[in-house]
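A single chain, nothing else alongside it, follows as C-alpha coordinates in the form predicted on its own.
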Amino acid sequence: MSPVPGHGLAKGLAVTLRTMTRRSVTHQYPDAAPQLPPRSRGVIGLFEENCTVCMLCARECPDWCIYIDSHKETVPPAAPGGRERSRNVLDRFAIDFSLCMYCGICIEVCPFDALFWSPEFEYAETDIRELTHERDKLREWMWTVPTPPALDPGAEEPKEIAAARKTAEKLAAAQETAAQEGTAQETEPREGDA
(Lines give C-alpha, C1' and ligand atoms only; values in the text may rest on other atoms or scores of the structure.)
Protein backbone atom coordinates (compact mmCIF):
# COMPACT_ATOMS: atom_id res chain seq x y z
CA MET A 1 0.00 0.00 0.00
CA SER A 2 1.19 3.48 -0.79
CA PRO A 3 1.52 5.87 2.16
CA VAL A 4 -0.31 8.75 0.41
CA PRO A 5 -3.88 8.20 -0.75
CA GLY A 6 -4.35 8.86 -4.48
CA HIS A 7 -0.63 8.27 -5.24
CA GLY A 8 -1.45 5.62 -7.88
CA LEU A 9 -4.00 7.89 -9.53
CA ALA A 10 -1.43 10.69 -9.75
CA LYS A 11 1.13 8.33 -11.34
CA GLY A 12 -1.43 7.21 -13.91
CA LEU A 13 -2.38 10.77 -14.79
CA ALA A 14 1.31 11.67 -15.15
CA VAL A 15 1.76 8.86 -17.70
CA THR A 16 -1.34 10.04 -19.56
CA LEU A 17 -0.08 13.64 -19.68
CA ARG A 18 3.35 12.52 -20.86
CA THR A 19 1.92 10.50 -23.76
CA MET A 20 -0.52 13.28 -24.71
CA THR A 21 2.34 15.71 -25.32
CA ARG A 22 4.34 13.35 -27.54
CA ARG A 23 3.92 13.08 -31.29
CA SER A 24 1.81 10.20 -32.54
CA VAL A 25 3.67 7.41 -34.33
CA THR A 26 0.56 6.08 -36.03
CA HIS A 27 0.43 6.53 -39.81
CA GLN A 28 -2.93 6.83 -41.49
CA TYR A 29 -2.40 3.94 -43.91
CA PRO A 30 -4.58 4.58 -46.93
CA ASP A 31 -3.65 8.27 -46.98
CA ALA A 32 0.07 7.87 -46.26
CA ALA A 33 1.96 5.06 -47.99
CA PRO A 34 4.16 3.07 -45.60
CA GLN A 35 7.94 3.12 -45.93
CA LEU A 36 8.71 -0.54 -46.59
CA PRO A 37 12.17 -1.91 -45.88
CA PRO A 38 14.14 -2.95 -48.95
CA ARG A 39 13.60 -6.57 -50.02
CA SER A 40 10.39 -6.83 -47.97
CA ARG A 41 8.15 -9.84 -48.54
CA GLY A 42 4.83 -9.00 -50.12
CA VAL A 43 3.65 -11.42 -52.81
CA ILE A 44 5.39 -13.83 -55.13
CA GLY A 45 6.17 -12.72 -58.68
CA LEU A 46 6.68 -15.15 -61.58
CA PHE A 47 9.33 -14.69 -64.27
CA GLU A 48 7.65 -17.04 -66.73
CA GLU A 49 10.52 -17.22 -69.23
CA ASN A 50 12.73 -18.97 -66.64
CA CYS A 51 10.12 -21.54 -65.57
CA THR A 52 10.87 -25.03 -66.90
CA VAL A 53 7.88 -26.67 -65.18
CA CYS A 54 10.15 -28.76 -62.98
CA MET A 55 7.40 -28.70 -60.28
CA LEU A 56 9.89 -28.31 -57.41
CA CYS A 57 8.04 -25.29 -56.03
CA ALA A 58 4.71 -27.13 -55.97
CA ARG A 59 6.20 -30.26 -54.40
CA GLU A 60 8.07 -28.38 -51.67
CA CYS A 61 5.19 -26.05 -50.75
CA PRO A 62 4.00 -27.07 -47.25
CA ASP A 63 0.53 -25.63 -47.92
CA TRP A 64 0.09 -27.08 -51.43
CA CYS A 65 -1.06 -23.68 -52.67
CA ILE A 66 0.80 -23.69 -56.02
CA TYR A 67 -1.05 -25.11 -59.02
CA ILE A 68 0.88 -25.92 -62.20
CA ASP A 69 -0.40 -27.43 -65.45
CA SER A 70 1.75 -28.13 -68.50
CA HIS A 71 1.98 -30.17 -71.66
CA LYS A 72 4.87 -31.65 -73.63
CA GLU A 73 5.91 -30.18 -76.95
CA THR A 74 8.29 -31.68 -79.49
CA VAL A 75 11.30 -29.55 -80.38
CA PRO A 76 13.00 -30.10 -83.76
CA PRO A 77 16.63 -31.24 -83.71
CA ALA A 78 19.23 -28.52 -83.16
CA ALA A 79 21.56 -29.94 -85.84
CA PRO A 80 20.80 -31.91 -88.99
CA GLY A 81 20.73 -35.62 -88.27
CA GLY A 82 19.98 -35.00 -84.58
CA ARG A 83 17.01 -36.38 -82.76
CA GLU A 84 13.89 -34.55 -81.70
CA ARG A 85 13.54 -33.54 -78.09
CA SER A 86 10.53 -32.80 -75.96
CA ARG A 87 10.11 -29.98 -73.48
CA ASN A 88 7.45 -28.94 -71.00
CA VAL A 89 5.34 -25.90 -71.85
CA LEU A 90 3.64 -24.01 -69.02
CA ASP A 91 -0.15 -23.86 -69.35
CA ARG A 92 -1.14 -22.67 -65.88
CA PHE A 93 0.78 -21.33 -62.90
CA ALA A 94 -1.38 -20.13 -60.01
CA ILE A 95 -0.82 -19.40 -56.33
CA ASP A 96 -3.66 -19.42 -53.82
CA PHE A 97 -2.72 -16.58 -51.47
CA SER A 98 -5.54 -17.51 -49.09
CA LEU A 99 -3.52 -20.64 -48.26
CA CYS A 100 0.02 -19.29 -48.69
CA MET A 101 1.93 -18.69 -45.44
CA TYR A 102 4.71 -16.66 -47.16
CA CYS A 103 7.48 -19.00 -46.03
CA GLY A 104 9.47 -18.49 -49.25
CA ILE A 105 10.37 -22.17 -49.68
CA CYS A 106 9.16 -22.09 -53.31
CA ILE A 107 11.47 -19.18 -54.07
CA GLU A 108 14.44 -20.86 -52.38
CA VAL A 109 14.06 -24.22 -54.17
CA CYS A 110 13.50 -22.81 -57.66
CA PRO A 111 16.68 -23.80 -59.55
CA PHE A 112 16.04 -21.44 -62.48
CA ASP A 113 15.19 -18.16 -60.67
CA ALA A 114 11.59 -18.03 -61.86
CA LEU A 115 10.06 -16.90 -58.53
CA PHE A 116 10.84 -13.69 -56.65
CA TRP A 117 9.55 -11.69 -53.69
CA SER A 118 7.64 -8.57 -54.69
CA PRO A 119 7.04 -5.80 -52.14
CA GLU A 120 3.40 -5.45 -53.27
CA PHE A 121 0.99 -6.09 -50.41
CA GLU A 122 -2.26 -4.43 -51.49
CA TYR A 123 -4.19 -7.28 -53.05
CA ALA A 124 -7.16 -7.73 -50.72
CA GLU A 125 -10.34 -9.20 -52.22
CA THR A 126 -13.93 -9.33 -51.01
CA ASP A 127 -14.26 -13.00 -51.99
CA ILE A 128 -11.71 -15.58 -50.83
CA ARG A 129 -11.98 -17.42 -54.15
CA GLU A 130 -10.46 -14.40 -55.91
CA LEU A 131 -7.20 -14.77 -53.96
CA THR A 132 -6.02 -17.48 -56.37
CA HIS A 133 -3.89 -15.44 -58.74
CA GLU A 134 -3.02 -16.82 -62.16
CA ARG A 135 0.24 -16.33 -64.04
CA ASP A 136 -0.86 -13.05 -65.67
CA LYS A 137 -1.19 -11.37 -62.27
CA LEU A 138 2.01 -13.03 -61.00
CA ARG A 139 3.84 -11.72 -64.11
CA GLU A 140 2.59 -8.18 -63.37
CA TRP A 141 4.06 -8.38 -59.87
CA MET A 142 7.39 -9.47 -61.31
CA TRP A 143 8.02 -5.95 -62.59
CA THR A 144 7.73 -4.55 -59.06
CA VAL A 145 10.59 -6.73 -57.78
CA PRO A 146 13.52 -4.49 -56.77
CA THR A 147 16.97 -5.12 -58.19
CA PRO A 148 19.19 -7.18 -55.91
CA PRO A 149 21.55 -5.24 -53.68
CA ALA A 150 25.07 -4.63 -54.95
CA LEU A 151 27.83 -6.93 -53.82
CA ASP A 152 29.84 -5.85 -50.82
CA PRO A 153 32.95 -4.08 -52.18
CA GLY A 154 35.11 -5.91 -49.65
CA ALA A 155 33.64 -9.31 -50.54
CA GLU A 156 35.64 -11.99 -52.30
CA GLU A 157 35.06 -12.18 -56.04
CA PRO A 158 32.91 -15.16 -57.12
CA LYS A 159 35.00 -18.10 -58.32
CA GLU A 160 33.29 -18.21 -61.70
CA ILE A 161 34.08 -14.56 -62.43
CA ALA A 162 37.67 -14.95 -61.18
CA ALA A 163 38.18 -17.99 -63.45
CA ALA A 164 36.70 -16.15 -66.44
CA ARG A 165 38.93 -13.13 -65.73
CA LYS A 166 42.08 -15.32 -65.57
CA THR A 167 41.14 -17.01 -68.85
CA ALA A 168 40.55 -13.64 -70.52
CA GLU A 169 43.90 -12.33 -69.21
CA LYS A 170 45.73 -15.43 -70.52
CA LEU A 171 44.03 -15.06 -73.90
CA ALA A 172 44.96 -11.36 -74.09
CA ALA A 173 48.56 -12.14 -73.11
CA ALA A 174 48.77 -14.88 -75.76
CA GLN A 175 47.41 -12.53 -78.42
CA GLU A 176 49.86 -9.83 -77.37
CA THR A 177 52.86 -12.18 -77.59
CA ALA A 178 51.64 -13.44 -80.98
CA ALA A 179 51.36 -9.84 -82.20
CA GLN A 180 54.86 -9.03 -80.90
CA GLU A 181 56.31 -12.12 -82.58
CA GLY A 182 54.56 -11.17 -85.83
CA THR A 183 56.08 -7.66 -85.78
CA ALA A 184 59.50 -9.07 -84.85
CA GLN A 185 59.42 -11.45 -87.85
CA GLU A 186 58.49 -8.62 -90.19
CA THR A 187 61.44 -6.49 -89.05
CA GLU A 188 64.06 -9.31 -89.34
CA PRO A 189 65.93 -9.28 -92.64
CA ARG A 190 65.25 -12.25 -94.89
CA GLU A 191 68.05 -14.40 -96.30
CA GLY A 192 67.46 -13.23 -99.86
CA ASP A 193 67.46 -9.56 -98.83
CA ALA A 194 70.75 -7.65 -98.55
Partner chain sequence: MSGTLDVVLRLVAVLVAFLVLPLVVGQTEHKVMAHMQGRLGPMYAGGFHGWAQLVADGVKFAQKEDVVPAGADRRVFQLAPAVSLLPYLLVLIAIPVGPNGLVGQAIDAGLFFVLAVMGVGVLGSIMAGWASANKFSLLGGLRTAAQLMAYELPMLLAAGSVAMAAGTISLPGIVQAFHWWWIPWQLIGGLVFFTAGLAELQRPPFDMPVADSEIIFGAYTEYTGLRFALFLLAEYAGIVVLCALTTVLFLGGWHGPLSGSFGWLWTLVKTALLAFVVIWLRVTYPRLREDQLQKLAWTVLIPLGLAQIALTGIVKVVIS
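Positions refer to the first chain, counted from 1. Model, not experiment: these values are computed from the prediction.
This protein has a second form, the form predicted in complex with its partner chain, left out of what is shown; the following refers to that one.
Asks: Whether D31 contacts its partner chain in the model of the complex should be assessed with a 4.5 Å heavy atom distance threshold; does it?
Replies: Flag for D31 set to yes.
Asks: Taking any heavy atom pair closer than or equal to 4.5 Å as contact, tell me whether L17 reaches its partner chain in the model of the complex.
Replies: The answer is yes: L17 has a heavy atom within 4.5 Å of its partner chain.
Asks: Taking its partner chain as it sits in the model of the complex, is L13 near enough to touch it, meaning that at least one heavy atom pair lies within 4.5 angstroms?
Replies: Taking the distances in the model of the complex, the answer for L13 is yes, it comes within 4.5 Å of its partner chain.
Asks: Using a 4.5 angstroms cut-off on non-hydrogen atoms, would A172 count as touching its partner chain in the model of the complex?
Replies: Looking in the model of the complex, residue contacts with its partner chain do not include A172, since no heavy atom lies within 4.5 Å.
Asks: Hey, of 137 to 145, 23 to 31, 42 to 50, 61 to 69, which bit sits against its partner chain in the model of the complex at 4.5 Å between non-hydrogen atoms?
Replies: Of the stretches listed, the one contacting the partner is 23 to 31.
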